[in-house]
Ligand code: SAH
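Below, in C-alpha coordinates: the form predicted alone, a single chain.
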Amino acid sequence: MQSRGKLYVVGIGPGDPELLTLKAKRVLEESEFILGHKTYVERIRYMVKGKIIESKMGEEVERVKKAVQLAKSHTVSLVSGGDPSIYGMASLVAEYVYSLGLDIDFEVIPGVTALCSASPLLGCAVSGDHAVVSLSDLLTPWEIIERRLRSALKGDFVVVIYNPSSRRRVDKLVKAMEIVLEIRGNVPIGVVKNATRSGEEVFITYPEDIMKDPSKIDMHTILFVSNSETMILNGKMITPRGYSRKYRW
(Lines give C-alpha, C1' and ligand atoms only; values in the text may rest on other atoms or scores of the structure.)
Protein backbone atom coordinates (compact mmCIF):
# COMPACT_ATOMS: atom_id res chain seq x y z
CA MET A 1 0.00 0.00 0.00
CA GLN A 2 1.41 3.35 -1.07
CA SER A 3 1.83 5.99 1.64
CA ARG A 4 -0.22 9.17 1.35
CA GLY A 5 1.77 12.13 0.09
CA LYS A 6 1.43 15.87 0.46
CA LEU A 7 1.63 18.91 -1.78
CA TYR A 8 3.25 22.11 -0.54
CA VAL A 9 2.83 25.35 -2.48
CA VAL A 10 5.97 27.15 -1.39
CA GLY A 11 6.66 30.87 -1.56
CA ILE A 12 10.40 31.29 -2.05
CA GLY A 13 10.47 35.06 -1.53
CA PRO A 14 11.99 37.76 -3.75
CA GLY A 15 15.34 36.07 -4.37
CA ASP A 16 17.64 36.62 -1.40
CA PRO A 17 18.15 33.17 0.20
CA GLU A 18 18.09 34.77 3.66
CA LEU A 19 14.50 35.89 3.06
CA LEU A 20 13.31 32.31 2.62
CA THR A 21 11.24 31.32 5.67
CA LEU A 22 12.45 28.56 7.95
CA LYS A 23 9.41 26.44 7.12
CA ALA A 24 9.87 26.91 3.38
CA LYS A 25 13.50 25.85 3.66
CA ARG A 26 12.60 22.73 5.66
CA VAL A 27 9.82 21.71 3.27
CA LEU A 28 12.01 22.17 0.20
CA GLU A 29 14.78 20.08 1.75
CA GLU A 30 12.35 17.28 2.64
CA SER A 31 10.47 17.16 -0.69
CA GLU A 32 10.95 14.24 -3.06
CA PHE A 33 9.88 16.33 -6.06
CA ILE A 34 10.22 20.07 -6.65
CA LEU A 35 8.26 21.65 -9.51
CA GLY A 36 8.34 25.21 -10.77
CA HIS A 37 9.18 27.75 -13.44
CA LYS A 38 12.86 27.43 -14.31
CA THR A 39 13.62 30.96 -13.05
CA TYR A 40 12.35 30.19 -9.56
CA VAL A 41 13.71 26.64 -9.41
CA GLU A 42 17.18 27.98 -10.14
CA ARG A 43 17.09 30.08 -6.96
CA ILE A 44 16.60 27.09 -4.67
CA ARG A 45 18.40 24.37 -6.65
CA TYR A 46 21.40 24.43 -4.30
CA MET A 47 19.36 23.37 -1.24
CA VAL A 48 17.10 20.62 -2.56
CA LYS A 49 17.78 16.90 -2.72
CA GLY A 50 14.64 15.78 -4.52
CA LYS A 51 14.06 15.53 -8.25
CA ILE A 52 13.54 18.90 -9.96
CA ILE A 53 10.93 19.25 -12.70
CA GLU A 54 11.18 22.56 -14.55
CA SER A 55 8.60 24.15 -16.83
CA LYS A 56 8.13 27.36 -18.78
CA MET A 57 5.80 30.33 -18.63
CA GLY A 58 2.33 29.39 -19.86
CA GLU A 59 2.57 25.83 -18.53
CA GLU A 60 1.10 26.58 -15.11
CA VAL A 61 -1.96 24.32 -15.44
CA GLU A 62 0.13 21.36 -16.57
CA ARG A 63 2.54 22.05 -13.70
CA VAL A 64 -0.27 21.93 -11.14
CA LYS A 65 -1.72 18.73 -12.61
CA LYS A 66 1.68 17.06 -12.44
CA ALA A 67 2.28 18.23 -8.87
CA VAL A 68 -1.13 16.99 -7.71
CA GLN A 69 -0.60 13.60 -9.36
CA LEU A 70 2.82 13.15 -7.73
CA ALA A 71 1.52 14.30 -4.34
CA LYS A 72 -0.86 11.36 -4.12
CA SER A 73 2.07 9.26 -2.92
CA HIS A 74 5.05 11.62 -2.56
CA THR A 75 6.05 14.79 -0.74
CA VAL A 76 5.99 17.50 -3.40
CA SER A 77 6.87 21.21 -3.43
CA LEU A 78 5.40 23.46 -6.08
CA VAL A 79 7.48 26.64 -5.87
CA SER A 80 6.21 30.14 -6.48
CA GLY A 81 8.20 33.37 -6.48
CA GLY A 82 7.43 35.81 -3.67
CA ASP A 83 4.22 34.73 -1.93
CA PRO A 84 2.07 32.02 -3.59
CA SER A 85 -1.17 33.91 -2.94
CA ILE A 86 -0.06 37.17 -4.60
CA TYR A 87 0.09 36.61 -8.36
CA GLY A 88 1.38 33.13 -7.56
CA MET A 89 0.34 29.49 -7.79
CA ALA A 90 -1.86 29.12 -4.68
CA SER A 91 -5.14 30.17 -6.29
CA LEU A 92 -4.66 27.85 -9.27
CA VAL A 93 -3.96 24.88 -6.99
CA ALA A 94 -6.98 25.65 -4.79
CA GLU A 95 -9.27 26.16 -7.78
CA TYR A 96 -8.11 22.94 -9.42
CA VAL A 97 -8.32 20.80 -6.28
CA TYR A 98 -11.61 22.11 -4.89
CA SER A 99 -13.50 22.47 -8.17
CA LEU A 100 -12.77 18.82 -9.00
CA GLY A 101 -13.22 17.62 -5.42
CA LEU A 102 -9.81 15.95 -5.37
CA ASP A 103 -8.69 14.08 -2.28
CA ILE A 104 -5.27 15.68 -1.92
CA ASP A 105 -3.53 17.08 1.13
CA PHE A 106 -1.98 20.44 0.28
CA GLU A 107 -0.63 23.37 2.25
CA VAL A 108 0.45 26.87 1.23
CA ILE A 109 3.73 28.08 2.72
CA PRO A 110 3.70 31.92 2.68
CA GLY A 111 6.67 33.86 1.35
CA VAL A 112 8.01 37.40 1.38
CA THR A 113 6.36 39.16 -1.53
CA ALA A 114 8.06 41.71 -3.81
CA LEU A 115 6.09 44.54 -2.22
CA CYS A 116 7.44 43.80 1.26
CA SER A 117 11.03 43.47 0.10
CA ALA A 118 11.01 46.47 -2.26
CA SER A 119 9.26 49.09 -0.11
CA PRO A 120 12.06 49.33 2.51
CA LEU A 121 14.66 49.74 -0.23
CA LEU A 122 12.98 53.04 -1.13
CA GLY A 123 12.69 54.13 2.50
CA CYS A 124 9.15 53.21 3.53
CA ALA A 125 6.92 53.63 0.51
CA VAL A 126 4.13 51.51 2.01
CA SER A 127 3.20 51.95 5.66
CA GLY A 128 -0.56 51.51 5.85
CA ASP A 129 -3.46 51.36 3.42
CA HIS A 130 -2.36 50.51 -0.10
CA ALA A 131 -3.63 48.88 -3.29
CA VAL A 132 -1.84 46.41 -5.53
CA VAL A 133 -2.50 46.22 -9.28
CA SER A 134 -0.82 44.07 -11.92
CA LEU A 135 -0.59 45.51 -15.44
CA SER A 136 -0.26 42.05 -16.97
CA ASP A 137 -3.25 41.40 -19.23
CA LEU A 138 -2.30 37.76 -19.82
CA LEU A 139 -5.13 36.55 -17.56
CA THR A 140 -7.06 39.77 -16.86
CA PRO A 141 -8.58 41.98 -19.60
CA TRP A 142 -7.05 45.45 -19.83
CA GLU A 143 -10.45 47.10 -19.32
CA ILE A 144 -10.66 45.55 -15.85
CA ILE A 145 -7.06 46.47 -15.02
CA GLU A 146 -7.63 50.08 -16.03
CA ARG A 147 -10.83 50.31 -13.95
CA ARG A 148 -9.04 48.95 -10.88
CA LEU A 149 -6.09 51.28 -11.36
CA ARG A 150 -8.35 54.32 -11.67
CA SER A 151 -10.31 53.33 -8.56
CA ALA A 152 -7.14 52.83 -6.51
CA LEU A 153 -5.71 56.17 -7.60
CA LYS A 154 -8.94 57.99 -6.83
CA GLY A 155 -8.98 56.36 -3.37
CA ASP A 156 -5.63 58.01 -2.52
CA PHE A 157 -3.97 54.68 -1.81
CA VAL A 158 -0.28 54.19 -2.35
CA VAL A 159 -0.61 52.12 -5.52
CA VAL A 160 1.86 49.29 -5.98
CA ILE A 161 2.16 48.15 -9.58
CA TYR A 162 3.35 44.62 -10.33
CA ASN A 163 4.32 43.39 -13.82
CA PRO A 164 4.43 46.95 -15.17
CA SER A 165 5.91 46.23 -18.58
CA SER A 166 7.33 43.71 -21.01
CA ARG A 167 8.50 43.82 -24.61
CA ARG A 168 4.94 43.45 -25.88
CA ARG A 169 3.22 45.60 -23.23
CA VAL A 170 5.14 48.89 -23.24
CA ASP A 171 1.99 50.64 -24.45
CA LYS A 172 0.14 49.49 -21.32
CA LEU A 173 2.81 51.02 -19.08
CA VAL A 174 2.56 54.32 -20.95
CA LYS A 175 -1.24 54.21 -20.69
CA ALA A 176 -0.99 53.56 -16.94
CA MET A 177 1.29 56.57 -16.51
CA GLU A 178 -1.18 58.70 -18.47
CA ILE A 179 -3.87 57.65 -16.00
CA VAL A 180 -1.61 58.53 -13.05
CA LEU A 181 -1.01 61.96 -14.58
CA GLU A 182 -4.71 62.47 -15.17
CA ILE A 183 -5.77 61.56 -11.62
CA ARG A 184 -2.79 62.48 -9.43
CA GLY A 185 -0.49 64.61 -11.53
CA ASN A 186 3.26 64.19 -11.98
CA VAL A 187 3.79 62.61 -8.55
CA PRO A 188 6.90 60.73 -7.38
CA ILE A 189 7.05 57.06 -8.29
CA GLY A 190 9.40 54.69 -6.53
CA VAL A 191 11.06 52.14 -8.79
CA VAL A 192 12.69 48.90 -7.61
CA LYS A 193 14.13 46.45 -10.10
CA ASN A 194 15.37 42.97 -9.12
CA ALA A 195 14.68 43.51 -5.40
CA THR A 196 17.26 41.67 -3.24
CA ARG A 197 18.69 39.98 -6.34
CA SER A 198 21.65 40.52 -8.64
CA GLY A 199 21.22 43.70 -10.68
CA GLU A 200 19.14 45.46 -8.03
CA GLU A 201 18.24 49.07 -8.90
CA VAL A 202 16.36 51.55 -6.72
CA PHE A 203 15.39 55.07 -7.74
CA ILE A 204 12.60 57.64 -7.66
CA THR A 205 11.17 59.05 -10.88
CA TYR A 206 7.94 60.58 -12.24
CA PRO A 207 5.22 59.51 -14.69
CA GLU A 208 6.36 61.96 -17.36
CA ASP A 209 9.92 60.61 -17.19
CA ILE A 210 8.74 57.00 -17.45
CA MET A 211 6.67 57.92 -20.52
CA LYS A 212 9.73 59.49 -22.15
CA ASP A 213 11.87 56.40 -21.57
CA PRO A 214 9.78 53.33 -20.62
CA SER A 215 12.70 51.00 -21.42
CA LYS A 216 13.96 51.32 -17.83
CA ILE A 217 10.89 49.44 -16.58
CA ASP A 218 10.42 45.70 -17.14
CA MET A 219 8.73 42.60 -15.67
CA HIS A 220 11.32 42.42 -12.89
CA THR A 221 10.36 45.91 -11.71
CA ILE A 222 7.81 47.03 -9.13
CA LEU A 223 6.44 50.58 -8.99
CA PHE A 224 5.16 52.56 -6.00
CA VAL A 225 2.87 55.45 -6.90
CA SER A 226 2.90 57.94 -4.02
CA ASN A 227 -0.29 59.19 -2.40
CA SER A 228 -1.12 62.67 -1.10
CA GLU A 229 0.86 62.13 2.12
CA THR A 230 4.00 60.53 0.68
CA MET A 231 7.15 62.60 1.16
CA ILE A 232 10.65 62.54 -0.28
CA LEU A 233 13.00 62.99 2.67
CA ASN A 234 16.76 62.94 2.16
CA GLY A 235 16.29 61.04 -1.10
CA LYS A 236 13.99 58.44 0.49
CA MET A 237 10.31 57.80 -0.22
CA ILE A 238 8.33 57.89 3.03
CA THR A 239 4.59 57.46 3.46
CA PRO A 240 3.82 58.38 7.10
CA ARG A 241 1.24 56.48 9.11
CA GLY A 242 0.12 59.61 10.94
CA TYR A 243 2.15 59.50 14.16
CA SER A 244 3.36 63.08 13.65
CA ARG A 245 -0.27 64.26 13.67
CA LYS A 246 -0.88 62.66 17.05
CA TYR A 247 2.46 62.83 18.86
CA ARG A 248 5.36 65.24 19.21
CA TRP A 249 8.81 63.95 18.38
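So that there is no doubt, residue numbering starts at 1 and follows the sequence shown. This one's a predicted model, so the numbers in the text were calculated from it and none came from an experiment.
Although it is not shown, the form predicted together with ligand SAH is what the next lines describe.
The chain is drawn here without ligand SAH; in the predicted complex, the stretch among 194 to 202, 207 to 215, 27 to 35, 61 to 69 whose residues come within 4.5 Å of it by any heavy atom is 194 to 202. Taking the partner from elsewhere, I109 is found to have every heavy atom lying beyond 4.5 Å of ligand SAH in the predicted complex. Looking at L181, you'd find every heavy atom of it more than 4.5 angstroms from ligand SAH in the predicted complex.
Looking at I53, you'd find every heavy atom of it more than 4.5 angstroms from ligand SAH in the predicted complex. Taking the partner from elsewhere, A152 is found to have every heavy atom lying beyond 4.5 Å of ligand SAH in the predicted complex. Taking a 4.5 Å heavy atom cutoff to ligand SAH in the predicted complex, the one contacting residue in 10 to 25 is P14.
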